[in-house]
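As a starting point, one isolated chain is supplied in structure tokens, in the form predicted alone.
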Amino acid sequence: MPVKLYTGKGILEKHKEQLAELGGRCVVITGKSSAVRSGALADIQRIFEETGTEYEIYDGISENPSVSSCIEAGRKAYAFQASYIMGIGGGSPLDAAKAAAVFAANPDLDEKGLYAMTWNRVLPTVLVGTTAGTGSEVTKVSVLTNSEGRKKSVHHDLLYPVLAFGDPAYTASMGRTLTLTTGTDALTHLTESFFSKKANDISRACSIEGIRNLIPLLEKAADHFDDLTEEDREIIYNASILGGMAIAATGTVFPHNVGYYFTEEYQIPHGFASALLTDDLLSFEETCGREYADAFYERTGISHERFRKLLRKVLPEYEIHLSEETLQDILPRWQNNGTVKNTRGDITSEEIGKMLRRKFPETE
């Protein structure tokens, strides 16, 4: 992993010299509120004043960021002659910052060119996380919503940030729902990575350690949210980073890509959408390789039933009913899909269809 990652309370102040070394002009990319609410933006502005860094802020990033907003942010950075881009926030601003860095270095590039990988340079990026879930701080992936309203990811080694900072104090501003949906996202990363065909001893070690630490605190957040401590927040954040490191090596598997559909069509937050089929993933893995699944439960110390119980606590009730016509329309998107094919056990779109019919039956 080529990212220089620094974590801990007050970590930005301790490494402000490294920010200054990147140059004296920065465009900061954020959403409308998280960077401000967490206190991260104020800390960065103070550091910029101390180091004499000129900066502009682009705060037009929404949840599930659009490619068009990334183009706009990148062109702003190009016009400003920024020496680097900084993303502050949860997964959306961090992913957007990566894409904006591509457009800043390639101002004539369009959406088609982004996905076609017709570029070989980016502006350096620095990422500051304010949520504990996506792990985007340490991955080479940017998940964006394209002009057709579909979530589609870009993977490239140049998308790794040069610096990433994780101050768990910034996550204290998250309420119960955001803590649970981002924490659930981290849980899906950790779980899916274990069952990736690309999993190795190191990625599995990240998965196991992250799950063992995360699940008790997600249970606590679900039942006794107000009792979460600063130490708890730090453990949750570190688990999300382990999840990011795991999927940086292995990628995700089918529940994540299927979850994109539920975010697009039902506006379900990404973390919850990704978890809709986590139980089904575990059941599938039990049928195609019981020894491997049993090793997962033994090493994490978490049974399938405990996973299932946690998901019932965490996931809201959604009124989703998929007609056969809808299923026939959407199932082709998972045929020959790279994320689906990455799943250990060679799952098919037909099997995904069976899961969706069972979970979201058509109304009479």
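Numbers follow the displayed sequence, beginning with 1. Predicted, not measured: the structure shown is a model, and the values here were computed from it.
A second form of this protein, the form predicted together with a small molecule, is not displayed here; the remarks below concern that form.
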Legend entry - Residues 33, 91 and 170 all lining the small molecule in the predicted bound form, heavy atom within 4.5 Å: yes
Legend entry - Candidate stretches 170-178, 219-227, 117-125, 198-206 - the one whose heavy atoms come within 4.5 Å of the small molecule in the predicted bound form: 170-178
Inset, instruction - Answer with yes or no whether residue 54 is in contact with the small molecule in the predicted bound form, where contact means some heavy atom within 4.5 Å. - result: no
Legend entry - residue 38 within 4.5 Å of the small molecule in the predicted bound form, heavy atoms: yes
Legend entry - the small molecule contact in the predicted bound form: residue 192, any heavy atom under 4.5 Å: no
Legend entry - Contact of residue 268 with the small molecule in the predicted bound form (heavy atom, 4.5 Å): no
Inset, instruction - Check each of 298, 63, 49, 325 and return the one that places a heavy atom within 4.5 angstroms of the small molecule in the predicted bound form. - result: 63
Inset, instruction - Note which of 143, 164, 214, 293 lies within 4.5 Å of the small molecule in the predicted bound form, where distance is taken over heavy atoms; exactly one does. - result: 143
